[in-house]
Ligand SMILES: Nc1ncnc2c1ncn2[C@@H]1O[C@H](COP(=O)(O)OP(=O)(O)O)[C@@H](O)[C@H]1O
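What follows is one chain in structure tokens, specifically the form predicted on its own.
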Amino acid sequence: MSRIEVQGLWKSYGDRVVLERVSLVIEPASLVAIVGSSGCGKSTFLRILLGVEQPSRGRILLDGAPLPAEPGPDRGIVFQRYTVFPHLSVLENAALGLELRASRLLGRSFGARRREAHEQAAAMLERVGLGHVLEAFPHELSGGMQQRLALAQALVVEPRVLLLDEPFGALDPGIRADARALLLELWEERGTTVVMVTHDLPEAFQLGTRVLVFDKVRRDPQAPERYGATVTYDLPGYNRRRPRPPAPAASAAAPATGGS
């Protein structure tokens, strides 16, 4: 669970302003959905949270510290187009983040570390319903299964923040409903802070504990790129579920007392 604080964020590319005066706080274990018209800066905002883009002005704090200026294991992301590696098996794809964390230089681990990474990955794949296809390759999976794999990839490294960029947009309606239900189950179990961009307004309210609307509040017909988008509405979502608190650690058994 992590708290995100955005303070006076601006993002521009030359003379084109995309985001302006964005200030908000995302509380730990929230599931925040972001909606808005195409081109209003939703995905740009997500890329700034990920660390692949830098703000032009303002700053972002993660648990009170400046957000790292590059992607890291503290932030996982799932895109609409599946970011799985076609030459790796399902299990190898899911274990890749764990192996990279263990050995940044080689990009893979060996021996006991490798076995541990594969065990963790297999457990996560079982949780997302892919335990029966560990040795398959991505091209052998359906679209819904590939998206489950991408979700497992992101969650197995236990990120503090999970970023979702139109994660269900390419799925058929029935599969999309299953993927949404899975996301809610995993969020309840793990309590990860989630920020999700979507074009689907009903989806935003169904999944979100909170819904942010991005739009421009200032417009100049003579210079349409002069002003950027900001948060124009901050609304409660319909999701009233809450992550489950972690189970208390088992207390040590009391020593037996014997009589004389």
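Predicted model only: the values in this text are computed from it and were never measured. Start at 1 with the first residue shown and count on from there.
The form predicted together with this ligand is left out here; the points below concern that form.
Considering this ligand in the predicted complex, the lone stretch of 203 to 211, 188 to 196, 61 to 69, 34 to 42 in range is 34 to 42 [heavy atom distance within 4.5 Å]. Although the partner is absent from this view, residue 22 stays clear of this ligand in the predicted complex, with no non-hydrogen atom inside 4.5 angstroms. Remark: residue 16 counts among the residues lining this ligand in the predicted complex, judged by a heavy atom distance of 4.5 Å or less. With a 4.5 Å cutoff on heavy atoms, residue 53 counts as touching this ligand in the predicted complex.
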